[in-house]
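A single chain comes next, written as structure tokens; it is the form predicted alone.
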């Protein structure tokens, strides 16, 4: 393990990250607030973000509004739109290495993981192009003398906000589900990770996307985000990120009666049943909490182990966690890279003190990874909690920090899993089909994964219960959110009409 000696420059890294409006980079105001863009592995400043103020956000929304109200995108035939979305897919695939480099440079994610996420981003545009091409209407003839038909239309301009933990994968999902149906949008990536998202949107335009369909504004949520969500020119809001921020966004959008789709936080239970294949369960538990540097809302961060297998399972987990390869995210052998930024590292480390204060047992980790002079590296961490009411069991930590709980019965495990303010996903490792069916029925989570880790079926709805979100992504779910239904009624022959004022 060693700190990278210098920041690599295999592809062009822009000196400034500015807004991209109507297909052109904006010239920031002379007094624009600048934020450093940092490579988490070396703490080196690699670029500067020029924050978009309310005026710049207004220009971006106006560009999206023009593109929707009078531009070609909503008026293209579905096949023409589909062709462009397919070209976006192909362009992203052909630039995988460049996008992966920028994502790794900006977010510190291991390169192997990032390449997978670029593939997912490309697939998002392919899939939702296909969904859009299958939209159909309805016809009703039950009202005598009338023909009524129902059509779907794009909703308008979306305000889309993406997080820092998987910028391209999650921003592309928001954009693809929005524009595939003829909408336009303004996208705000996290202020910590603007570089890969900006390049991705550049590539959209290179693939033939008309100007104004996707615009980008950069800045903090308290400045740029607030201006975007509260702008009267938007028609809907899509947000992926933390629960507290999601609640604030929904409140701001609600003041203008703008609908929201929110994918928020999680504190997902990972139930290890004694009937499980424990070798596979061990692999799944490690991947469920330590992949993506532990920074994922889907993390199986509460690992519930049956008492009969707990001692052996936890010992093997700890032994494997200590052997995870920590290092330069650009190195293909690295399994765990740095956390995304300094403040987040300090936040995650703070939960080690919380765990100790609550009487939890520190099993491994709990400190900055040794051997690194620079970088936001944290050792894979695991604690054994005293009970599920502990803060480390109830609050989303969002890092490589696993919390173990021991249970005695399936009733207890399901009750523990559901005793959470969150309900995004749940994992069950089990060999008993009756337990599978009961877990599927009783776990209060939007997705239940049985004997597998994070597999995403784009055709199925994805989202959370409780504080894990509002609405769903997926084929049917995205259609419902990003389109409007219109009913048109036409008489099929002469029908009597009232003749007010015509006299007797």
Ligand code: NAD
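Residue numbers count along the first chain shown, from 1. Quantities reported herein were computed from a predicted structural model and do not represent experimental measurements.
We do not show the form predicted in complex with ligand NAD, though everything after this point is about it.
So ligand NAD isn't shown here. In the predicted complex, which residue out of 211, 265, 156, 233 has a non-hydrogen atom within 4.5 Å of it?
It is 265.
Between the options 428, 170, 92, 100, which residue brings a heavy atom to within 4.5 Å of ligand NAD in the predicted complex?
Going through each option in turn, the one that passes is 170.
Decide if the three candidate residues 122, 184 and 204 all line ligand NAD in the predicted complex, where lining means a heavy atom within 4.5 Å.
Checking in the predicted complex: none of 122, 184 and 204 is within 4.5 Å of ligand NAD.
Just to confirm the contact call: exactly one of 365-373, 350-358, 265-273, 127-135 touches ligand NAD in the predicted complex at a 4.5 Å heavy atom cutoff, so which is it?
One stretch meets the cut-off, namely 265-273.
Residue-level question: is residue 239 within 4.5 Å of ligand NAD in the predicted complex, judged on heavy atoms?
Close contact exists here: in the predicted complex, residue 239 approaches ligand NAD to within 4.5 Å, heavy atoms only.
Is residue 245 close enough to touch ligand NAD in the predicted complex, meaning at least one heavy atom pair within 4.5 Å?
Because a heavy atom of residue 245 falls inside 4.5 Å of ligand NAD in the predicted complex, the answer is yes.
Is there a heavy atom of residue 249 lying 4.5 Å or less from a heavy atom of ligand NAD in the predicted complex?
Yes, residue 249 is a contact residue.
For residue 165, is any heavy atom within 4.5 Å of ligand NAD in the predicted complex, or not?
Residue 165: yes, in contact with ligand NAD in the predicted complex.
Do any residues of 166-203 have a non-hydrogen atom within 4.5 angstroms of ligand NAD in the predicted complex? If so, which ones, in sequence order?
Stretch hits, in order: 170, 188, 189, 190, 191.
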